[in-house]
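In structure tokens, one chain follows: the form predicted on its own.
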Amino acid sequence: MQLPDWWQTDPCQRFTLGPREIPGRIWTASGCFGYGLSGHDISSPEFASPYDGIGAVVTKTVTPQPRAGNPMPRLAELPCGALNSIGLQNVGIDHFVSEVLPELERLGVPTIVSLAATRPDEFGEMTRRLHAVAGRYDHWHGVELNLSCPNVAEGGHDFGRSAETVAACVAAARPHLPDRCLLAKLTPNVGEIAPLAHAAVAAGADAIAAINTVIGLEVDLASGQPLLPRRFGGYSGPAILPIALAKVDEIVCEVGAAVVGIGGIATSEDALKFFALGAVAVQVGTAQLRDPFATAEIARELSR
């Protein structure tokens, strides 16, 4: 592709985010590359592995206790994206810090750990345990607080709609991450996202991750009922790109915070739109589910 004249940044070079140097600006979004343990044994004619050029893998979200996730079906591909109601299926913080995180360090995966909880004090306890185990790890760079998952009954999307709650969650985690970056991932399912971003930054967040999925519903015409057992799910993919750009622009212009842009990125052109608005990094989500090399391809094209 022909890069625009204003683009002068190599996204595969290290950059500073809060107290941490991150290996690059093109990341995979939470849940879209598992925990970062898969794909190390595959290659393509153009890439030695799907991790080539990737600045960080944001892990599948981890919760205080293991979760089995929501009943099937919980993922539906739609014409312009995907609707999911995974329900935060994960191994829980105990297994993650004892088994998963050490393996990520051994493999050299640049890692941002995604965490979700239903109370602020749980975020504090999980970040404390992470740092106690991995405080000397070279490849664990920070935490992304998932304050906006729209498909969990406990807390759900309403959990992250309150500026006070966002601030409390960030404030609980911040003291336990003195040398790692802390991101707050915010919901787009609000009229204005800037007040939430203000609250997160004031409480100590180094950056805002925006956006999470948009609440959506699909109908199964054979039964006349919602396709997903929990009715609603999180809608992602190309259709939400303009929504994500609008929310990122609102945060950059009204808050002035560092923003990691997420939502509908499938090509290098999509990523450039976020950078044009002032994002410091981007995350590739749904496109990574279709092509494990999607993020590596975007990083390569923007490095030319």
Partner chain sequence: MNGGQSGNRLRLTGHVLANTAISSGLIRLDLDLGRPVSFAPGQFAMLNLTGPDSLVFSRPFSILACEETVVSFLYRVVGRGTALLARQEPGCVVTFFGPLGGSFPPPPDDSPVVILAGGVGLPPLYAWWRRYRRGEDRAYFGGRDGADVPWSLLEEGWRVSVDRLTNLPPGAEAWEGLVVDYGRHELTTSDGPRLVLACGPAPLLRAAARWAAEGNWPCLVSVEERMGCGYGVCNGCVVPLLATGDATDAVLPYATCCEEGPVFAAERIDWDAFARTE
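All values reported here derive from a predicted model rather than from experimental measurement. Residue numbers count along the first chain shown, from 1.
Absent from the display: the form predicted in complex with the partner chain. The rest refers to it.
A single residue from the set Ile42, Ile243, Ala276, Cys253 has any heavy atom within 4.5 angstroms of the partner chain in the predicted bound form; that residue is Ile42. Not displayed here, the partner chain is approached by Pro71 to within 4.5 Å at the level of heavy atoms in the predicted bound form.
With a 4.5 Å cutoff on heavy atoms, Phe33 counts as touching the partner chain in the predicted bound form. Within 4.5 Å of any heavy atom of the partner chain in the predicted bound form lies no heavy atom of Asp179.
In the predicted bound form, the partner chain sits beyond 4.5 Å of every heavy atom of Ser148. Stretch 77-85 is the answer when you ask which of 202-210, 185-193, 134-142, 77-85 has residues with heavy atoms within 4.5 Å of the partner chain in the predicted bound form.
Of the residues in 274-294, those that come within 4.5 Å of the partner chain in the predicted bound form through at least one heavy atom are, in sequence order, Thr286, Gln288, Leu289, Arg290, Asp291, Pro292, Phe293.
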